[in-house]
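Listed next as C-alpha cells is one chain, alone, in the form predicted on its own.
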Amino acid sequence: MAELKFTQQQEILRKAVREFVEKEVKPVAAKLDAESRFPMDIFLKMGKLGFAGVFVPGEYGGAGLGMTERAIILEELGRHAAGLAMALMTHHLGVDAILSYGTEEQKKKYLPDLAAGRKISGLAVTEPTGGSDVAGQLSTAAHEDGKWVINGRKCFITNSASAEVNVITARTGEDAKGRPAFSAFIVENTAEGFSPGREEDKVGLRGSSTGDLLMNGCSVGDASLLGGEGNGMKMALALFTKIGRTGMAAIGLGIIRACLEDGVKFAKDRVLYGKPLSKLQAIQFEIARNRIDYEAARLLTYNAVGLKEGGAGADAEIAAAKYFATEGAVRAAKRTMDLMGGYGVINEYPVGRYMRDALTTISCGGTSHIMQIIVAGQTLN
C-alpha cells in the first residue's frame, strides 16, 4: 500500500487551520465546554476562512475544495474543540443537502450565506422513536392550499438552538409498495409554527447546541421542498454516509491526536523515580498504543474519504473509519488519563474533556453497533 500523502496545497491548508485553532480556539476551549456554549463569533471567523463552505463551489461563495480538505479541517478543529467541530460538521450536512439536492434557486438563495458562515445550517432527522430507525419517523408534512404544513418533534439535533436554515425530513405519504414515504424541506427558523425546544445537557461535545426542534403547524411554501417529494429517506441516508460519518471519523481522529500529543508531552515533562515518565516501559506501551490507533484511524479515515470523493459507494469503508476512529478516541483518552495518574482527573488538564468528547462521538452519525452491522452486511454480501 502506498504511503498516504497530502498535496502541497492540502498541507498549506492544514497549517493555516492549525494556526487558527491554536490562536482562536484553544484558549477558549475549556470555557466553551464548561459553559456548554456555541461560539458564534468564532464560527463567523471560520466562515471567512472558508471552513463553513469548504466544498461549496466558488459560484455560490464557497472555497471550492473537496471532502479531503474538509476532513483536514475537522481533524485540526477536533484536536482542541471537538464540540465546535461537531457544530461545523452538522452545518455541512445542511449545506450539502442544499448543494447536492437543491434547485438552482435554492442554491442561490441559501448557499452564499451558509458558505460564508453568516448563517448556520443543520439536518434534522432523529426523533424520539429512534435515530438509527430512520423509517420510524412520525413527523408528517401535508400539502394544503399551496403550502406544506409540518407537524412533529425532532430530538438530539445538533445546532438546534443556533441554526437559521434547517433541513427537516417528514412523512408525506406512502410509496408504491405501501411503505412510508419521506420528503425533505428547507425550514428557516423564522417559519410560522417552528421553534427550537429544550436543549440537552450533554456529557461531551459541549461547544455545540443539541436539542429539540418543534413543528406545530409549521407552514412553508412549495419552494421549500428539497430534492423532490418522496426522496427524503434516500437523501438523509446518503448525507449520513458522505458528510456525517466521514466528519465524525475526522473528529475522532483529532481527539486521538490530542491524546497522543498531550500524553507524549506529559510523559517527557513528568519526573518519577528520578527520571522522566517516558523512560518507563509501561508508559511507552501506552504511548505506542495511542500512536498505533492514530495511524490506523488516519489511514482508514482518509482512505474512506478519498474513495467517496472519487465516486465510490464506500459505505463499509466509511462505517469502518467512523467506528474505529471514535472507539479509538475513547481508548486513547483512557490510556492518557491512566499514564497521567492523578493529574489525569484534574480539569486543569484537557484529557478529561477528551474522554467526554470521545464518548459522545460514538452515538453521533450512527452508533458503533450500526457501523458494525453496515460493515458485516457488505462483507457477507
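As the structure is a computational prediction, the values presented were derived from the model and not from experiment. Residue indices: 1-based, along the sequence shown.
Absent from the display: the form predicted in complex with a small molecule. The rest refers to it.
- Of the candidate stretches 174-182, 297-305, 249-257, 118-126, only 118-126 has residues whose heavy atoms lie within 4.5 Å of the small molecule in the model of the complex.
- Put simply, Cys364 is close to the small molecule in the model of the complex: some heavy atom of it is within 4.5 Å.
- Within 4.5 Å of some heavy atom of the small molecule in the model of the complex lies at least one heavy atom of Thr210.
- Looking at Phe194, you'd find every heavy atom of it more than 4.5 angstroms from the small molecule in the model of the complex.
- The small molecule is not drawn, but in the model of the complex it has a heavy atom within 4.5 Å of His369.
- Among Gly310, Gly130, Gly221, Gly217, the residue placing a heavy atom within 4.5 Å of the small molecule in the model of the complex is Gly130.
- With the partner removed from view, the residue among Val187, Leu277, Leu239, Ile157 that has a non-hydrogen atom within 4.5 Å of the small molecule in the model of the complex turns out to be Ile157.
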